[in-house]
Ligand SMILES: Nc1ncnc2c1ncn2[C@@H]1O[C@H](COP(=O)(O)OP(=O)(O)OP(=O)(O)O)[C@@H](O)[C@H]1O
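A single chain comes next, written as structure tokens; it is the form predicted on its own.
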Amino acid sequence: MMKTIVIANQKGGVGKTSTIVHLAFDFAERGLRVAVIDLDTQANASFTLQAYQMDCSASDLFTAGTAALKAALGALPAEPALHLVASDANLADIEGLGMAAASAAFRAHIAVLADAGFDVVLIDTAPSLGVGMAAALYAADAVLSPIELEAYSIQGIGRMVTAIANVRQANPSLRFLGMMPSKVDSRNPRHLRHLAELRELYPDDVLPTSIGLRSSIADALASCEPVWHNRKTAARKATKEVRAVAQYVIDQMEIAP
């Protein structure tokens, strides 16, 4: 059964895109058929995954019938196993759509991806609870929230937890995979203090693994490849951390090809 996972936080710069891109690369290498939907108008995931772009844009999932997506899927080659529905400028217009109509249209397109045989859909979202994020959460099986260990980010995660609780009234099966500490500087006492505070505030909702503040990850995103393709020694620790997060998601969601 296909699993739909949203990467979301109502705070920018917390590592959402690096998380979703590396989950996508990791899952595809495991033999899973992966679709990435980029609902963030900044289009950072679309830049890194541009080689896997389908002939269907993210705004089409809200404003068009399912025929365009079905046609794009019909034209896909057997390989690679990773495909992108890229962000586009028209995403800015979906905020004017009614929530009910937008959500229904998006769910219909998610069903098309399930019928096409995808194992996982990963959805990147803008850092605000707009129509795009809400529709994604209504259609999702789970949500993962990367969080930076700074005061503003920790303050903002409460809004995300509240939003998830509200969405569960309409999508009771939505699962919160938790908060993933991102860009962690283990030599920074402030980060270590904030991580301890976060675990105290949300003892059941912080991932047991985290991703450090690694320049090798930024290098990989700019090069449109996963960090484990970086031959530098510094990339090895980043690779281990990213792979651990991917394994956590695989285990929690019981994802298998």
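Numbers follow the displayed sequence, beginning with 1. Predicted model only: the values in this text are computed from it and were never measured.
What follows is about the form predicted in complex with this ligand, which we do not show.
Proximity of residue 130 to this ligand in the predicted complex falls outside the 4.5 Å heavy atom cutoff. In the predicted complex, at least one heavy atom of residue 214 sits within 4.5 Å of a heavy atom of this ligand. Under a 4.5 angstroms non-hydrogen atom cutoff, this ligand in the predicted complex lacks residue 32 among its neighbouring residues. Using a 4.5 angstroms threshold between heavy atoms, residue 218 counts as touching this ligand in the predicted complex. This chain is displayed alone, yet in the predicted complex one of 53, 209, 66, 44 has a heavy atom within 4.5 Å of this ligand; that residue is 44. Only one listed stretch (201-209, 54-62, 36-44, 225-233) carries heavy atoms within 4.5 Å of this ligand in the predicted complex, and that stretch is 36-44.
Residues of 1-22 lying near this ligand in the predicted complex, listed in sequence order, are 11, 12, 13, 14, 15, 16, 17, 18, the criterion being any heavy atom within 4.5 Å.
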